[in-house]
Structure formats: structure tokens, C-alpha cells
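Coming up is one lone chain in C-alpha cells, specifically the form predicted on its own.
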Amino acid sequence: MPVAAQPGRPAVALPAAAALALARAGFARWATYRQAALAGMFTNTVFGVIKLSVLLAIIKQTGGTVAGYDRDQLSTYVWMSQALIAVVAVFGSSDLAQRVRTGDIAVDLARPLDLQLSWLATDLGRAAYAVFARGVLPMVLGGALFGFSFPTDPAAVALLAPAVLLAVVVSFACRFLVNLAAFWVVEIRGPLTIYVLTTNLLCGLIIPVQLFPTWLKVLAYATPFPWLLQAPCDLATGQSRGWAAAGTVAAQLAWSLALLALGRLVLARATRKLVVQGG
């Protein structure tokens, strides 16, 4: 059934209390899946060992460094990237698309809260849980087994936490846009699969972006994907220091604002005349 948008309705901000409540709800929701968290943590650790073993074999053949990484820096990159997989949700999500498909999105749009900011607050709560449930232990185990290189540059140390936070925001903004495709197509598994494959290749999950051939590196940095994993890993491994570290976080912030703004434009177009799928 068609649900006409309300012309002239002012944009509704998200009060701090509501944002905090939604973040807590997101944290609590994911905290109920303890067995899934343990399984994911085990999987991340196993694949971290495999990935690092391959990279260490490469570094052995090149005489001790590869693309500016030494052994401990490669270990840091691998375990940092593995820890952030669930935090930034590099494998995507379709929760919003499912609500569009079932028609529940009409209820969401009728609430006196900003839709995009509400979902962002909930996603930040999810990410906070993933830091503890999926991120800390693999890094501790990996560092104990293979070594770890702690950042020493003051700027990199100070900006590491903001870089992780902005990585989550960039990821959310990308996933939000992919999910909005459900307003025009009934099934988004195709767009979501393309998004996941592209993200996994270009974000630095498989190998550091610095190891890409020049043309692919240029292509990667023309997209928002390296700012999901590669950017915080660069701060942790010492690849970005001083003003370069500040530039990395500034680029993440720019991508965050641009993608969130694009998401608002697409959402506004989608809600001009919403067709609720499924009744």
C-alpha cells in the first residue's frame, strides 16, 4: 500500500538520551548471541593464523620487510584487521532492507526520531559489543604467539580510537546505502553480495592495500573501503604518523560526512512515496 511522505515535515534530530538508549539496545541485542560471538572469535583467530603465515612466508623471501612492514608490524596488521572484522561489519547486513521488505519501515518512519541517526546509534552499540566480544582476545592471543608492534607516535596513539569509531561510521553509511536499495528492488542479496566482495578486496582485509599493484591501490583509495580497516591498521602499525595520521582521520571524517549526506538524500527520495512490500 502506498504511504505518502509528509511534505514540509521538519527534520527530527536524535536527542542524546535517545541515542544512548538505542546504543545500549544495540549492545544488549548482540550480547545475547554469546555462542555466535565465541564461534566468530575462534574463526577470526584461525584465519588470522593462516593469513599471517602466508604474509610471513612472503617477508621471509624479501629479506625482512615488505611494503614497509616488518615481522611485528605484519602481525599487528593481521590481528588488528581480524579484530575489526565484526566491529566495522565488513560482511554487511540486511536488517534495514528486511524491514523495508516486510513493511515495518513504515512504523520506523512514523516515529518521532531520525531514521538514519537511530540506526547509526544502534550500530555503534553493536560495534562496542564486538570490540570486547570479537576483538580483544584474538589480538591478545595473536600478539602473544607472533609478536605485536605498539604505535609510538603520539598522534597515532591519540587518533587510533577516533579512527576505529570513524571506521564504524563509514561502514554504517555504506551499509545504509546498500540497504536503501530495498526501496526499489524486492531482493537485495545481489547488491549486498557485490558490496561484500568489493569491500573485502579493497578494505585491506585480505592483504594490506600497500601490497596492491599501483593501479589497484589508486582504485582502492578512490573508494571509502580502505578507511574501514586499512586506516586504523595504518595508525596501529606506524604506517601513518604525525600529520599523516591526522590526514588519515580527516579523510575518514570526510567520507563519513559525505556518505551520511548521500544516505539522507537517497532516503528522502525513497520516502516521497513509500510502497510497503508485503502488506
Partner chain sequence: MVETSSRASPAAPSVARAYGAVIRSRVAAQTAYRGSFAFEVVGQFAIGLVDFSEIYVVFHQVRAFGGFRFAEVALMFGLATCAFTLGDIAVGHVERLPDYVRSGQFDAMLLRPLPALGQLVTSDFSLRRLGRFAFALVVLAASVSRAHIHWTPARVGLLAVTPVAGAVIFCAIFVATATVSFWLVEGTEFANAFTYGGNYLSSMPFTIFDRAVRSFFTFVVPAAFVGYLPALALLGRDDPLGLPSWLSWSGPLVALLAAAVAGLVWRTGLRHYVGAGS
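Note that the structure is a prediction, hence the values are computed from the model and not measured. Residue numbers count along the first chain shown, from 1.
The next section is about a form of this same protein that is not shown, the form predicted together with the partner chain.
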Tell me the stretch among 221 to 229, 235 to 243, 249 to 257, 46 to 54 that has any heavy atom within 4.5 angstroms of the partner chain in the predicted bound form. 46 to 54
The partner chain isn't shown here, but in the predicted bound form which of A106, I207, V157, L177 has a heavy atom within 4.5 Å of it? I207
Consider the chain as shown here, without its partner, and state which of L201, V140, A181, V131 has a heavy atom within 4.5 Å of the partner chain in the predicted bound form. L201
When you measure heavy atoms, are F42, L197 and F212 every one within 4.5 angstroms of the partner chain in the predicted bound form? yes
Heavy atom to heavy atom, is R111 within 4.5 Å of the partner chain in the predicted bound form? no
